Every structure is written in C-alpha cells, then in structure tokens.
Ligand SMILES: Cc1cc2nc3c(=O)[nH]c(=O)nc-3n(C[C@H](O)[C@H](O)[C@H](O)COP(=O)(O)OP(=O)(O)OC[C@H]3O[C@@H](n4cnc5c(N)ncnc54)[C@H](O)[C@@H]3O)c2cc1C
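The form predicted alone is given below as one chain in structure tokens.
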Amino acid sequence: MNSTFLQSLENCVGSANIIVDAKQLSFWSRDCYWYSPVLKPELDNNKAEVIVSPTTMAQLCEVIGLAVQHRVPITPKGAGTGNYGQGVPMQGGLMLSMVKLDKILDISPSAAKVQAGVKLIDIEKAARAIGAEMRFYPSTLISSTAAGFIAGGAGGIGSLKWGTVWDEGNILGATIVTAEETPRVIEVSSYAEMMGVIHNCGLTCVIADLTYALAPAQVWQQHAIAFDTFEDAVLFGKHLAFDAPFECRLISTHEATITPFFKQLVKLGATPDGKAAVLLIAAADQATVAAAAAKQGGVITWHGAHEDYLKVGKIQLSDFSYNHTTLWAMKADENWTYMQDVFSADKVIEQYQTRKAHYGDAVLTHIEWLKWGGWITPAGLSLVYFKDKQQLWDVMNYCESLGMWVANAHTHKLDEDVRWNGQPILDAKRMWDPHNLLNPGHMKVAIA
C-alpha cells in the first residue's frame, strides 16, 4: 500500500471518495458477521488498508486495474448486511465500495437494470410507480444493495412464489468487471454463466450492474395471527404455502417463546404472551385471512393496510422475519445466535417436536415458507442459545440426524457452505481473477 498507489487512486476518484482513516477503516470493513459468536472473534480485527468508492464505470475499471497492477487484494462491498463475514477483508488491501454506483439504468414492468449500489428499496419504489414490484427481497430491503444481495444473499419476502437468486429467470443478466491489469467489461446473460456470478461473495468478479426480473404489483396487506400452539401455526403456514386461495408474499412462523423479543409488536398487542405467531403478507383483506386462520384456531391480532405497506414510519412485518428475528433476540440477550435449518415439509411437526424434546428452549424454532429448488420448503432460521462452538456444531449435527438440511452460517469460507455453486465459481474465478486478488481468504481451497 505504497504512496504511488494511493496517489494514483486519488487521481482517479478524488480524495472525497477515499478513506484511509484508521477508525473509519475499522468501521466500514465489517458486515454482520457478529450475528455469529464463532465468527466474531475470528474476524473482528480484520480491516482494509484503503476504501475507494468509484462513481463511474470508468473509475471502477481504473481502480481495479491499479489494484491488480500493484497486486493489492480487492474486497467488493455493498451495504454490509451479509451475515457470513465474506465482506470482511482477510488480507487488508483495497475495499471497493460500490454504494456510489447507484443509478437505475432502465426499468420496465418486466425488468429493472440497475447499478451495483442501488438500494433494493429504491428498485421496489421505482417498480411500483409503473405497476410492478420486485419478485422477492431480503428483510434488509431498506439498506441492502442490488449487487450485494445477489452476491451474498439467497431469497426472502416473495420467495414463496419466485424462489431464490439461483432460480432461472429471476436474475436476467449482469455486467461484470474482471480483476486484471487491463480489466475486461463482460456482459453475462446465460444461466450457466450467471452461476459464476450469483452468490459468488465477491470472489470471482466485480458486479457493475445487473438486471432483475420484476413481477406485476400486488395489493399487499399485513396480518399478525396468534395461535395457541406452534404446531397449529405451522399447519396454518403449510396450508397457506401449498393451498392458499390468495397469494402470500411472506409466511413467517414463530414459537411463543420468540414473540416477546418483538418489542414493537408486543406494544401493539400483535404478539400476545404465550401465543405462537404467523406474520403474513398476503394479497387478501382482513376478513378473508381471518376466516382462513380461524379454521386452524388462529386469531388476527394486528392488521396493516396496503396504504402503509413499505411506508416509512409504519410497522413492516418483514422487519421481524428472516434474520431480523435473530437481531431482535440478540437485542434481548446477546447469547442468542442462529442456524439455517431446513425442515421436511411432510415431517416438519415431527422434526420440531423431537428437537424440542431434546433441547427445550435452548433451541427456538422460526420457519419461513419459501420455494427452494422448485420445492415449497419450511426453511428455518432457528435460534440457539450459545454456549460454545462445539455445542453449536452438536445442534447442527443433531438436526441433520433428524433428516433436516443445515447450512453452516458460522463459517466465512464460501466452499464450506453447502449452498455454494461449486465448479462454476471455480471456473469463473480462473477466468476473471487470474491473480487470485478478489476477496482472498474466504475459500478453504486455494485456486491454482
């Protein structure tokens, strides 16, 4: 990180778009890895040596080219809402902040082409202005960026119908920049090529822009529904996922022991003490949902009208779903962490009851219903009261012994995560990052 390199960066982007202050470097060199008590001590002291924020495609290419010429590691970064530590520079170097590349390049009712740093909420708002909406988005909709979600995310609100970032037809293409002395700008559009871009965690290329498929806008309403037992809540969620007479954008199911963490909902009376809950976003009015819920013993405890959906200052049930559930638990007690566990749709009640009998309230169940690999799936983001690493690994192993599928959220190594794309990532890295400078240290096996 010599003075010649730093001066070249300043000449390219200007001093206002460079950070070298030690405190700021420490602050911005983080993502949400601290959700994991395993990752936190491992990653806390890692930081970039310089952060650069290009504002144009020309600047982006020049910055990458300079870093490669000087053999400086490059860590691409969006909003830093990922939970796995893969946005943390493991070997110092240059953090490439994409947040100032934030223009919506083109939008129609069927697709939105956006720069990497566009916030997802801005895509949703622009789409709704023309009668469309995002197919799905994470619970971090307000802060997540377009490329960050594709590179490090999976699915979210809307995935019950549309699946995840891996499902063909959701991400229509991308413009990527290679990590070479003279970077190439490549248009990627085929599904096979996109497998080297999707969920690459910044290891194969730098995403400059991408195209999201959009869906027709729906009139969504929000409903909190209370149940006497978690089993009843799960059965209602399963009914909606497979047989609902109306479309659902979110079916988030929580044990009664979890809902007291949701302080805002508790104040509203939306999550009564001792009751399990289903947090529902559906294209259905209160009366229609109430009638469906009553058949399983459920009672609506709170309703949000369409006029308040995604409106600033109004309650959004998505803020209590997916890994926001973990955040609320950690606010109550920092010893809570989470795991990503997928139940079997036909055995979900049995698996839940067996695990509950074994662990009691040391493991709390929270299920999101979504489509994964074409199958409707009860995907868990279960809470675990953390003691030590071995205990956490034991819980994951026990879940697998019950026939559950577990993705380890407590490693920052991309190839230790069962969701990684495998050979397409390896092939893309060899083609687009020949010097192994992109996000080094986040794979178990070095690329030859």
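Remember, it's a predicted structure, so these values are computed and weren't measured experimentally. Note that residue numbering begins at 1 and tracks the sequence as displayed.
Not on display, but discussed next: the form predicted in complex with the named molecule.
Of the candidates C205, V289, L364, L317, C205 is the one whose heavy atoms come within 4.5 Å of the named molecule in the predicted complex; the others do not.
The listed set Q221, Q86, T337, S252 contains one residue whose heavy atoms approach the named molecule in the predicted complex to within 4.5 Å, identified as Q86. Taken together, the three residues C32, A116 and S144 all come within 4.5 Å of the named molecule in the predicted complex, as judged by their closest heavy atom. Stretch 75 to 83 is the answer when you ask which of 227 to 235, 280 to 288, 343 to 351, 75 to 83 has residues with heavy atoms within 4.5 Å of the named molecule in the predicted complex. The named molecule in the predicted complex is not approached by Q296, whose heavy atoms all lie more than 4.5 angstroms from it. Although the partner is absent here, A154 lies within 4.5 Å of the named molecule in the predicted complex, judged by heavy atoms. At the 4.5 Å threshold, heavy atoms of H324 reach the named molecule in the predicted complex. When the named molecule is considered in the predicted complex, P138 lines it closely, a heavy atom lying within 4.5 Å.
Residues are counted as partner-facing when one of their heavy atoms sits within 4.5 Å of the named molecule in the predicted complex; in 426 to 440 only N439 qualifies.
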